[in-house]
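Below you will find one chain, with nothing else, as structure tokens; this is the form predicted on its own, and questions on how it binds or moves follow later.
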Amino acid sequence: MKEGRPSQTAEQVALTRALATAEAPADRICDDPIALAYLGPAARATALALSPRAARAAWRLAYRLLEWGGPELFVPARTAFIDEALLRAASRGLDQLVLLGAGYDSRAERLAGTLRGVRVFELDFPATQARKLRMRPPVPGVVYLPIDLSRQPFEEPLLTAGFDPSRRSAFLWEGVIYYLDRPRAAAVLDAIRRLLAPGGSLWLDCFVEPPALSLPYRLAWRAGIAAAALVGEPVRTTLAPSEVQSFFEARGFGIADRADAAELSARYLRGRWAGLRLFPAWCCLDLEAA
């Protein structure tokens, strides 16, 4: 991420959620009516231009023809996966929720009823968090901590802000781990585990190295990775399929639920189009502290 600049990929995620929310209820993968509030003029114009039903139909047709399965499909499916995990945790009893690299996440506001009585902490890159708080007023009761996860430890600031490791807690780490190098990603996971009591939850997504792809798909995959690097947010960490379980178990987590691209497509896309074929590397995880 470029020094002092809000995350561009975070705004892209908000745009994708806004477009998904504009779908008819029967076609809606996720529901985030607040996402539009976090868009700047260019992204908002894009959202509005794609709002008419005919424009959205053309957008979908282009994806189907290309068998596209990038952020336009994955981000809403990831949002739905984590929302469901959060609702399950809340139904069992939850005292604290920590959003690491929160970006323009709106759960503290749009799930306020579910999170009533839950203390929420949002940690994010300072420039991104500052922009978020300019775009929309702070949610009452939420603790906002500016932290650069790629460089700064967050345990002490979180504890100082009132986080209690003995309480029933969950961490949400969405769309971040692959932007950190592996040692830093492992260090953050270790810190989360130290802060979670046994039975606590961690929800995240990661890149699992894709299987052999045909040339067009390989080129598209590399183009996506290059685009992230171009805006100063290069992908630094991917996992081999055989090491996903051991990587997280080595840090004290068990896998309660795992959904790769095919599973996400089956659960949330309901066969309406090709699914997440282009980016089979995406994987969502619901982890439990052992």
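In this text the structure is predicted, and so the values were computed from the model without any measurement. So that there is no doubt, residue numbering starts at 1 and follows the sequence shown.
The next section is about a form of this same protein that is not shown, the form predicted in complex with a small molecule.
- Taking V208, L189, L180, V98 one by one, only a single residue has any non-hydrogen atom within 4.5 Å of the small molecule in the predicted bound form, and it is L180.
- Of the residues given (E109, D148, E72, E84), D148 alone sits with a heavy atom within 4.5 Å of the small molecule in the predicted bound form.
- With respect to the small molecule in the predicted bound form, the three residues S7, A10 and G175 uniformly fall within 4.5 angstroms at the level of their nearest heavy atom.
- Picking from 114-122, 99-107, 135-143, 159-167 the stretch near the small molecule in the predicted bound form, with a 4.5 Å limit on heavy atoms, gives 99-107.
- The closest non-hydrogen atom of T128 lies within 4.5 Å of the small molecule in the predicted bound form.
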